[in-house]
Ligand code: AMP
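What follows is a single chain, given as structure tokens, in the form predicted on its own.
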């Protein structure tokens, strides 16, 4: 197994809600024995150039990726894009519109937290982001620093998760729109962490959702993730195999924002071989030939 090129296809930097710079992330990937990674920051491509430059320098392949939130009930749905064109003007403009909705919702979250008795300001939350996009993990860290909660998990459970009193939804795309954005920029779309759809107790509905996503152009399913158990992964793998979807996987690494998640770890014994990357590249080449 030592000659197997290991891959991790889901991770974040300071450009969204991670805590490492792109260069630091690539260096950690090298130390972790990863041959190939996909940088998938939320709604932005801004960290990819630095990550790819560092990857070229030290010998780690860095796939240009992105993670896009889309409309979903009762859970959450995120679509990953792999091999997107980081220089695509159209994709950048579309992502900028999504980022603007984040900026609009941040003061509303502050208002809700203050109404709940929290002594917290937007400036304090922005400091936690280090100048990058502000996301809920930065609100959580600020709440921890101010002593309102013991840890980030408590901050999410009590205030920030979907349905909690300080949660504010941002404008989201439909899955069809997100997949189209990714495909038009030359990329391959996959569903991130299917567990977060919250449909495991409705297996027939889960299957229908995945079938619908495939009909919209989705090519892969993140069977392996740090948030999914072996049994869950086994069920998702069956779905992927039945529908002929790529089996992808990633740690969903966020640095110290999710300290329990280690880069390259996507469940006990789980591994994504480089063969998956080769299949993606073939898909892209075949598309160009048409």
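Residue numbers count along the first chain shown, from 1. Since this is a predicted model, take the numbers as computed values, not measurements.
There is another form of this protein, the form predicted in complex with adenosine monophosphate, and it is not shown here; the text below is about that form.
J.: Report yes if all three of 249, 274 and 278 come within 4.5 Å of adenosine monophosphate in the predicted bound form by some heavy atom, otherwise no.
T.: Not a single listed residue reaches adenosine monophosphate in the predicted bound form, so no.
J.: If we define contact as a non-hydrogen atom of the residue within 4.5 angstroms of the partner, is residue 153 a contact of adenosine monophosphate in the predicted bound form?
T.: So residue 153 counts as contacting adenosine monophosphate.
J.: Within a 4.5 Å heavy atom cut-off, is residue 121 in contact with adenosine monophosphate in the predicted bound form?
T.: Outside the cut-off, so no.
J.: Please run the contact check for residue 161 against adenosine monophosphate in the predicted bound form: heavy atoms, 4.5 angstroms, yes or no?
T.: Looking in the predicted bound form, residue contacts with adenosine monophosphate include residue 161, since a heavy atom lies within 4.5 Å.
J.: Determine whether any heavy atom of residue 136 comes within 4.5 Å of a heavy atom of adenosine monophosphate in the predicted bound form, and answer yes or no.
T.: Because a heavy atom of residue 136 falls inside 4.5 Å of adenosine monophosphate in the predicted bound form, the answer is yes.
J.: Exactly one of 105, 112, 180, 195 has a non-hydrogen atom within 4.5 Å of adenosine monophosphate in the predicted bound form; which residue is it?
T.: Result of the distance check: 105.
J.: Could you check which residue among 170, 146, 92, 214 gets a heavy atom within 4.5 Å of adenosine monophosphate in the predicted bound form?
T.: Of the candidates 170, 146, 92, 214, 170 is the one lying within 4.5 Å of adenosine monophosphate in the predicted bound form.
J.: Residues in which of 113-121, 80-88, 128-136, 203-211 have heavy atoms within 4.5 Å of adenosine monophosphate in the predicted bound form?
T.: Selected range: 128-136.
J.: With the partner left out here, which residues of 233-265 have a non-hydrogen atom within 4.5 Å of adenosine monophosphate in the predicted bound form?
T.: Counting only heavy atoms within 4.5 Å of adenosine monophosphate in the predicted bound form, the contacting residues of 233-265 are 254, 258.
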